[in-house]
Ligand SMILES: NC(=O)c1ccc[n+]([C@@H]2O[C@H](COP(=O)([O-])OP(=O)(O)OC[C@H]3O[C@@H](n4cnc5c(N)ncnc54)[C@H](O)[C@@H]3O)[C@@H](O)[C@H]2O)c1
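Only one chain is given next, in structure tokens, and it is the form predicted on its own.
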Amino acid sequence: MSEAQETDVIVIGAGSSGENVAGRVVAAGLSSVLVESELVGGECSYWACMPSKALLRSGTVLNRAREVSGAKEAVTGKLDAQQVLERRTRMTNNWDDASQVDWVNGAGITLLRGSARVSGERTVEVQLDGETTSVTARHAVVFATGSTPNVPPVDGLAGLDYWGTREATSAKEVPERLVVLGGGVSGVELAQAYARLGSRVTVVARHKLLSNYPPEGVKLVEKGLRRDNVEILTDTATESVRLDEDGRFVLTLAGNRHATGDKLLVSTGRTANTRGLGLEELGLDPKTLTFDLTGRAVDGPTWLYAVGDAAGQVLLTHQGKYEARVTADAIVARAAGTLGDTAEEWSKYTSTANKYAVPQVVFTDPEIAMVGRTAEAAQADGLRVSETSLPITVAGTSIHSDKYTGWATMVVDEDRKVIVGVAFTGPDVAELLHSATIAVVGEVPLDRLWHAVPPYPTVSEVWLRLLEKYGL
């Protein structure tokens, strides 16, 4: 074992959340050790957000051009799949984290490569190539260890060389046929990406597609997938998987149906990655351990924190970064003795938006962009709400595309006359979402929001139409 080290804050996991915690505490005057066993930058940079959106973007741009007269006549070819894959690879820096390491070093953070495990009070052991380094934190240990894919209990799946999202986003070739098991965000996005790259794609979902999103929006996404010749099998159980004599995946489905593919992508959700980190030796159960809105363990050691997917609250990169900033500020304040055990909602020390205003986007074509609560969720929280919905049909959409089709929904708390949820579906609606997020987080009164005039002619005119239909 090498000589023991000491620092103010240990962060396990150098993905986007971990980098943000370490960077922020160091900027505030504390020291930090950042531990990573794989690539610095994490899942989002190399295997999730960035490569998946790069795979989608080329097809979306081509489709936009084909929907505008004058441009569509100039588009005579199809996607160059190899160029799309090469662009994806550039977006991941060819899975080389040298630039991320340079940022860590430049920020004054100490980087340790290796596998980490909590071994005692504020102490972490890092193992690499048979060597163990012990590091003790004066103030906090932060789990930023991300999440791992769920493996569904399908007969025959174990032992097969199927794709997870990592393999799908880093593939060097486009399979002739692809079967996607799972109807969530990643599965649906990658299904459309590969369909546009030339695969014949089948999506098999045990329940509905995108079950956490508004049904009217999901219908438009399903229509877009079918337009790209994606076969969609919903409410369909997968009973078993096997390889045929040609090495193709054969799924036996309920009702004695089958789906066959050269590759099988399993995308059935993810689970916080907190096992194997030493919690059990501390008398803590990773399955039941939770973290409060400052990131600190509930019913656990006061020095233990978690951010990002590891916290198990909202498994989205941008929310993980938000949690990281909040948690870093809380750790710094507690180290200085200016913050106690609790913090007020909407203060700089609590990730309150995780409860009320999570922005999320499905980057299919069309997109679904949503923030806040659905009417059903708001009612379950005891609010008296109304829901206003309409097609996105304004002057801006006719300029945007000859075939623009979209849908918008606004949920209003009738007692306070503020918006608590908004959802948009349509081409490029992700760019509308931050205005909705500001309205929800800021609890902007509707009679004041009425004075936020959308510019003409833009798709954002939908705000005016929603407010008019509401009755303003």
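Note that the structure is predicted; figures quoted are calculated from it, not measured. In this text, residue numbers run from 1 along the sequence as written.
Separately, the form predicted together with the ligand exists; it is not shown, and the next lines address it.
Student: With the ligand left out of view, choose which of G184, G224, P391, P301 has a non-hydrogen atom within 4.5 angstroms of it in the predicted complex.
Tutor: Selected option: G184.
Student: Counting non-hydrogen atoms within 4.5 angstroms of the ligand in the predicted complex, say which of T268, S347, T252, T89 makes the cut.
Tutor: Selected option: T268.
Student: In the predicted complex, does L383 have a heavy atom within 4.5 Å of the ligand?
Tutor: No - in the predicted complex, heavy atoms of L383 and the ligand never come within 4.5 Å of each other.
Student: Does D365 reach the ligand in the predicted complex if we count a contact as any heavy atom within 4.5 Å?
Tutor: Flag for D365 set to no.
Student: Using 4.5 Å between non-hydrogen atoms, is D329 touching the ligand in the predicted complex?
Tutor: Contact with the ligand, no.
Student: Taking the shortest heavy atom distance, is P215 within 4.5 Å of the ligand in the predicted complex?
Tutor: No, P215 stays farther than 4.5 Å from the ligand in the predicted complex.
Student: Heavy atoms within 4.5 Å of the ligand in the predicted complex: which stretch in 224 to 232, 397 to 405, 74 to 82, 200 to 208 meets that?
Tutor: This holds for exactly one stretch, 200 to 208.
Student: For the stretch 303 to 328, which residues lie within 4.5 Å of the ligand in the predicted complex by non-hydrogen atom distance?
Tutor: Residues within 4.5 Å: L315, L316.
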